[in-house]
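The chain below stands alone and is given as structure tokens, in the form predicted on its own.
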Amino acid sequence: MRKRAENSPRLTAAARRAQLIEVGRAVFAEMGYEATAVEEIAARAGVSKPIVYEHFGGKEGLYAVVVDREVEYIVTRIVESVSTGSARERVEQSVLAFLTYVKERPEGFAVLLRDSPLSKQSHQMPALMYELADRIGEIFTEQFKMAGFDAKTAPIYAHALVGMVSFVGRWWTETQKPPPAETVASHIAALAWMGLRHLPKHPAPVVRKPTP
């Protein structure tokens, strides 16, 4: 654990809260929820533990605020990205918005990818990504209604897109010589578009079950 600074600067309540959120995001991204202690957050922020409890009620409260802000940030970016352009352009723009988020806020992306308190099994997609996909599903639902597709199927495509971009995004951030975000986005969008452009309104199974 890092030692607390001897002379922590005096901040307004709002500034201190903002500082703790930034510090908390960095610690959660580095250590994960379970391994993070309030003492570590307080030490890195140069404050005492009671200050953290005063603002957030504890680690869980701070974690919830960090997560909410990250989800709202990426959802807002995606909403903006699908507001203009052709159908294919909107797909590519939404993917690029996600990848831009991954590049600009790596700590936030790490928090969303790490196992949350509700999803501790490493072989499953973290619960936070499900939450993000659900939020994006709301955007897709509206778009599907406008396009005349069955809006009930929108969550399927939202979860597929989030899963695809998330795993590619992790590879993209870890590879030594990553291609430009625009290049990655165009390839993902092309893969998605080849299916979406010919999407039937009521897909039926191609493979039939054998008759007994």
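So that there is no doubt, residue numbering starts at 1 and follows the sequence shown. Quick caveat: nothing in here was measured; it's all calculated off a predicted structure.
In what follows, reference is made to the form predicted in complex with the DNA, a form of this protein that is not presented.
Visitor: Using a 4.5 Å heavy atom cut-off, which stretch among 182-190, 162-170, 149-157, 32-40 contacts the DNA in the predicted complex?
Guide: Careful reading of the contacts points to 32-40.
Visitor: At 4.5 angstroms, heavy atoms only, are T12, R16 and P50 all close to the DNA in the predicted complex?
Guide: Yes, the whole candidate spot contacts the DNA.
Visitor: Even though the DNA is not shown here, does P178 get within 4.5 Å of it in the predicted complex, heavy atoms only?
Guide: Judged by the heavy-atom cut-off of 4.5 Å, P178 is well away from the DNA in the predicted complex.
Visitor: Taking the shortest heavy atom distance, is K59 within 4.5 Å of the DNA in the predicted complex?
Guide: Close contact exists here: in the predicted complex, K59 approaches the DNA to within 4.5 Å, heavy atoms only.
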